[in-house]
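Single chain ahead, by itself, as structure tokens, in the form predicted on its own.
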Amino acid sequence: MVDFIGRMFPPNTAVAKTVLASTLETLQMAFAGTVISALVSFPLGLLGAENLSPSWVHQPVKGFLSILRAIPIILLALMFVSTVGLGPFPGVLALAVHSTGMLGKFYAEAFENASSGPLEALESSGANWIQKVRFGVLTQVAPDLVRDTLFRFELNLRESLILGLVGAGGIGFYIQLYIRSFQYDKVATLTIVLLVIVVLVEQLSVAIRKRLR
């Protein structure tokens, strides 16, 4: 282990251009995967909430979300890489599918935790389902949805590294490429940059979540 770490120093800064391109690609993958999953998870969360959907709807939806969460993201990445080829696109698809299983569950739980009082008042005044969701649920749980989405973005940023190891683009792709060619000094540069990005994104996310409380 000491010998392995010793080969990584000093870091090789000659790969600055590669670092910049792969970093941007990793951030794009995490962002795109999170946005797609949030857009899909929102209606699934509404359908999966017990207080908004009948049992014959919310139970199958929750079962479907459980299946998505149960599939390892590395397996999804391998499947999409074999289907659409190498690059960031299969990584985005894998992140989107896996994130939907988690965000859909979080959104459904947030909707279920909404106070029933406003819903009952709207229903007694003749409001339809969309109006109850808009004025009785979203006004209560919108901050929770944003916090859950930001948390998932943090996870996607970390998982995009793993996806790169199977050819799904991003920093992870170049890390495994340099490891296979024994260029550990370049691996050190990419790893340091990745750690800095993860810490910065996490701190930004924490700051935003605090303001939403």
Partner chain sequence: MELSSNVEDKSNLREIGKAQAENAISIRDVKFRYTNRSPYVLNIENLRIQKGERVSIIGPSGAGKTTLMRLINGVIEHESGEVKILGKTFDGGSKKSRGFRRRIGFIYQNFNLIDRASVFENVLWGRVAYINPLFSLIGRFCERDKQAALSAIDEVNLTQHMNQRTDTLSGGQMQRVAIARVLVQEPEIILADEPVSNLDPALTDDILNLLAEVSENHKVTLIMNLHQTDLAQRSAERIIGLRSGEIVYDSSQERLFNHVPKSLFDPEVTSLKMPKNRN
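Basically, rigid core = biggest C-alpha set you can superpose within 1.5 Å across the two forms. As the structure is a prediction and not an experimental result, all values here were calculated from the model. Numbering follows the first chain given and starts at 1.
One more form of this protein should be noted, the form predicted together with the partner chain, which is absent from this view; the next part is about it.
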is_contact(residue 143, the partner chain) in the model of the complex, heavy atom dist at most 4.5 Å: yes
Interface membership of residue 90, the partner chain in the model of the complex, 4.5 Å heavy atom rule: no
4.5 Å heavy atom contact, residue 124 and the partner chain in the model of the complex: yes
Partner contact for residue 118 in the model of the complex: the partner chain, 4.5 angstroms, heavy atom: yes
All of 23, 28 and 31 within 4.5 Å of the partner chain in the model of the complex, heavy atom check: no
One stretch from 135-143, 105-113, 70-78, 92-100 that, in the model of the complex, holds residues within 4.5 Å of the partner chain by heavy atom: 135-143
Threshold 2 Å Cα movement between the shown form and the other one at residue 125, rigid core reference: yes
